[in-house]
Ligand code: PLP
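Only one chain comes next, encoded as structure tokens, the form predicted on its own.
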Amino acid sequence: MVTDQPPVVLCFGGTDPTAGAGVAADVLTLASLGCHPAIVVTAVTAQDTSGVKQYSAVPPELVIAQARAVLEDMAVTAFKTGMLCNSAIVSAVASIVDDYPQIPLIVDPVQASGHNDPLSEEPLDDALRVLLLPRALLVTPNSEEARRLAPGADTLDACAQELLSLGCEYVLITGTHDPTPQVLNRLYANKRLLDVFTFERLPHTYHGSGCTLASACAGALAHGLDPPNAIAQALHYTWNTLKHGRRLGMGQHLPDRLYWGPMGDRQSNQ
């Protein structure tokens, strides 16, 4: 059936008063890509572009209630997870997505901010490995997160293979944290390396780049693209948001998710 309705993507994550990361980043990214973002708040944070000051986790039963309210009202096309705070919230999210096996799940396994401020009350590696990764279509760790999730692996290739063995279909390991001249993003599936996406390494650090990428992947998948093409387009979109990013505060640059719009060529202070 042909419809002019935008696809709905349901995002689980924390707030960010700078709108650089978290559910604000999800909203900006998905709206930019022609999707309708629906939001389930898992935590309320106090943070700026220099770091996280404090946060408070939302009770798991309220996480479930938020998600049920959306899912019983809207036709959700994709799930995306970000900050999940504790194993009880991971379990709550798993209880939701398990009821909708036809909806693809994109997991951004974030447990720390770009400044390494903790975003979880406890290590969540085991909870993610057992409850969410087996259900995920795509997981998008950076290299440090991949090593945490696969502690027995001695290379990034081995990390990817271990994560694939848990049941997720695609693993995208991003290379922004590695000391390489260019950023190498590795995509794995079917027990092998599918592709390496190479991008110019930009001169700044960014607040919300991982949120942007995972949301862009979810948005492209929601529009019906097959996973390899969705991931490729999401990577190119995300790199452009960073290239056009701005230092609006005193810390990291913020991606410009609307860089392509009528004000996209305005001058910025970088």
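Start at 1 with the first residue shown and count on from there. Every value quoted in this text rests on a predicted model; they were computed, and no experiment measured them.
Not pictured, yet referred to below: the form predicted together with this ligand.
Student: Examine Val9 and determine whether its closest non-hydrogen atom to this ligand in the model of the complex is within 4.5 angstroms.
Tutor: No.
Student: May I ask you to check whether Gly219 falls inside a 4.5 Å heavy atom distance of this ligand in the model of the complex?
Tutor: So Gly219 does not count as contacting this ligand.
Student: Is Val90 close enough to touch this ligand in the model of the complex, meaning at least one heavy atom pair within 4.5 Å?
Tutor: Val90: no, not in contact with this ligand in the model of the complex.
Student: Using 4.5 Å between non-hydrogen atoms, is Met83 touching this ligand in the model of the complex?
Tutor: Yes, Met83 lies within 4.5 Å of this ligand in the model of the complex.
Student: Out of the stretches listed (28-36, 41-49, 228-236, 64-72), which one is close to this ligand in the model of the complex, meaning heavy atoms within 4.5 Å?
Tutor: Partner-contacting stretch among the options: 41-49.
Student: Using heavy atoms only and a 4.5 Å cut-off, determine which of Leu149, Leu138, Leu124, Val110 is in contact with this ligand in the model of the complex.
Tutor: Contact with this ligand in the model of the complex is made by Val110 alone.
Student: Give, in sequence order, every residue of 222-248 that has a heavy atom within 4.5 Å of this ligand in the model of the complex, or say none if there are no such residues.
Tutor: Contacting residues: none.
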